[in-house]
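Just the one chain here, the form predicted on its own, laid out as structure tokens.
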Amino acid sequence: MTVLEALRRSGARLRSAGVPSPEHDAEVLLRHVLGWDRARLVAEGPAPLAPADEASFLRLVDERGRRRPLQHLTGTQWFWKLELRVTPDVLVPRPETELLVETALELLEDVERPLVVDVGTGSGCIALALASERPDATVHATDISEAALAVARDNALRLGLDGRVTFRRGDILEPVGALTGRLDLILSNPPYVSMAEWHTLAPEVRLHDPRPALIPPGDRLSVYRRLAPAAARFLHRGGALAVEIGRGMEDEVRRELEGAGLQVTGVRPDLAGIPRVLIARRPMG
């Protein structure tokens, strides 16, 4: 079997399995097995595929056909400008979450040596992206999952950012209690998927992403309900909170933040026009 034949057959196999981007995924998997870039894949398409490579590739295609996430098969996912390691212990970083990083950079534009906490860090994608862009920032990241923190610490080490982010295990802001009243910015992409929504998710998400990273321990507002008053205590006056929200959640989350004494100052839509990031500040008065 040649390289091109392997791509064609695997693309058809993935299409029949209902994989959303079959040709793309087949190419990514083959490049992963061969260690080739796309240019070489095109140039050497007529070449025969070595038996060992063919076997490895077909095993991965079979796994992808069973709707195992592409990122779990390659072990990586690009987020911001960083190639992160991902495992079943962490939520695969989504492109829309990059909006939270963009928002953070805007909020900190005029802040020197900012003090920041990322709540529910998972793979570390938000904290590490921010640290990579703001070398002067002091960044802390919390998570209740030790397995997720192990992935985040490994990502920091691989990216040369291991001295830039402090990872701590614990709930919400409890692990950084010494920073009460001092934070310039709190960031969070908390779990906000309801059980009803969870049943409608793609198999890659529903069956393979860690449920605690998707479904909160209560209704979909439960983490925001606890984070809001904690943020009001931990932010200095004028400090900001930026949180990711799901479709149709803007008004509900706004009420939780305002009920905790925070002042909502903005909302940022994603590329689909869905309100995705809500911004609030601790009042100056």
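For every residue, the number given is its place in the sequence shown, counted from 1. Nothing here was measured: the structure is a model prediction, and the numbers come from that model.
As for the form predicted together with a small molecule, it is not shown, yet the points below apply to it.
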Using a 4.5 Å heavy atom cut-off, state whether residue 106 contacts the small molecule in the predicted complex. no
Spell out, yes or no, whether the shortest heavy atom distance between residue 171 and the small molecule in the predicted complex is within 4.5 Å. yes
Do residue 225 and the small molecule share at least one heavy atom pair within 4.5 Å in the predicted complex? no
In the predicted complex, is there a heavy atom of the small molecule that lies within 4.5 Å of any heavy atom of residue 88, even though the partner is absent here? no
One stretch from 69-77, 209-217, 196-204, 178-186 that, in the predicted complex, holds residues within 4.5 Å of the small molecule by heavy atom: 209-217
